[in-house]
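The chain below stands alone and is given as structure tokens, in the form predicted on its own.
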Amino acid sequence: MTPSRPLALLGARPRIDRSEWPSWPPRRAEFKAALEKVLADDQWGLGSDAVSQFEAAFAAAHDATYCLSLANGTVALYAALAALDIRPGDEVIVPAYTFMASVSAVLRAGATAVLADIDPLTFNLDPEDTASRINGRTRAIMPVHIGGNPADMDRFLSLGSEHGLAVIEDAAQAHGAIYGGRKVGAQGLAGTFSFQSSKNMTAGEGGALLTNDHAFYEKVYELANCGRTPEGPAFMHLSAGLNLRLSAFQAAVLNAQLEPFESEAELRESNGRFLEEALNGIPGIRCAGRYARTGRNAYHLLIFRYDPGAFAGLPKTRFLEALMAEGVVATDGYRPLQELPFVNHTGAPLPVTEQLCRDQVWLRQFELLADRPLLERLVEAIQAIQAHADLLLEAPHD
């Protein structure tokens, strides 16, 4: 059905008031109580109960044996690679479609980041293109669960086993995502998470590393805790480690998010599936798919392709302008990593990544916590843009 109501860019009232979306970061009374508890304690960092409680709970929530909380997601990736003794000349395979930290962590560890293309269905690292880039210098594969949508861990673990490679999951956007009946993040040797302010769990900044390998956990602990071992004396430094720790204040804020997290993850999954079904019914819109063994998408992002040809040739920039004028929080996304000045990509072309970066539109995770009627208005806004695309083309704009 063609929406009869015109668009905000054409003089109508927006379909959504931005204040209707759930606030993010969330505003909860529990945060204040958790922070006051830490303030009343004399352990604001190392040795804090808040930190140890969070590490135990986050590991349990992600089917992992060990969790080490860290300063942010980028240093978590770096710590995982450094604990592998990654060195100059080594190569780590990384998707070309991801946040720059996936590459910068490899470079800071002294290795070469080898970019591989993505699966056109899920927008995750393509296992077949990854396999084609493995050589004698490859030390690790870094699948990124992009937008919270799990990568094909069966295939990556098989490649790791076949070639003797570590599999490090970049799960920065995938809190609570499920693949093959297990949470992502500890299916490979290790997985890392981010708690930056946009993430599904946030402390403003912060990170974590999960693993089921005790020896690996001890190596990362030593690196992140000034060269100490978990049980060793305070001033026995076995190596020139760094201080990459999370503070008790950040852990307290994260602890206050653990109880509602599972219900929020289920709400995002339900709303994400609703939006995907509705948006896929609009010609020219195609949402990211999922693998058959994906049990839950974390939906840090809901990513869809936009085809101007189905919108009377309306450029994506104008589509986004019209959608945001309707009160929808929508943005363009990543640029291909090979275009960044510090990335030296000399391998085979990456056409799927390049095309997605032209087509992509992002919706944010907090939108998927909204009530269903608000999401219905979001869908209606896109339908209305399509119905009035010719008028948008004719209307004057900057």
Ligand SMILES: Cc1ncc(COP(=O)(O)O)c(C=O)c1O
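Sequential numbering from 1, following the sequence displayed. As the structure is a prediction and not an experimental result, all values here were calculated from the model.
The form predicted together with the ligand is left out here; the points below concern that form.
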Point to revise | Heavy atom contact within 4.5 Å of the ligand in the model of the complex, the stretch among 107-115, 177-185, 127-135, 191-199 | key: 191-199
Practice item. Identify, from the list 250, 173, 211, 297, the residue with a heavy atom within 4.5 Å of the ligand in the model of the complex. Key: 173
Exercise for review: Just give me the single entry in 74, 271, 257, 225 that has a non-hydrogen atom within 4.5 angstroms of the ligand in the model of the complex.
Suggested key: 74
Exercise for review: Spell out, yes or no, whether the shortest heavy atom distance between residue 99 and the ligand in the model of the complex is within 4.5 Å.
Suggested key: yes
Check your understanding: Would residue 144 count as touching the ligand in the model of the complex under a 4.5 Å heavy atom rule?
Key -> yes
Review point. Heavy atom to heavy atom, is residue 66 within 4.5 Å of the ligand in the model of the complex?
Key: no
**Study point:** Any non-hydrogen atom of residue 334 within 4.5 angstroms of the ligand in the model of the complex
**Key:** yes
Practice item. Between 203-238 and the ligand in the model of the complex, list the residues on our side with a heavy atom within 4.5 Å. Key: 206
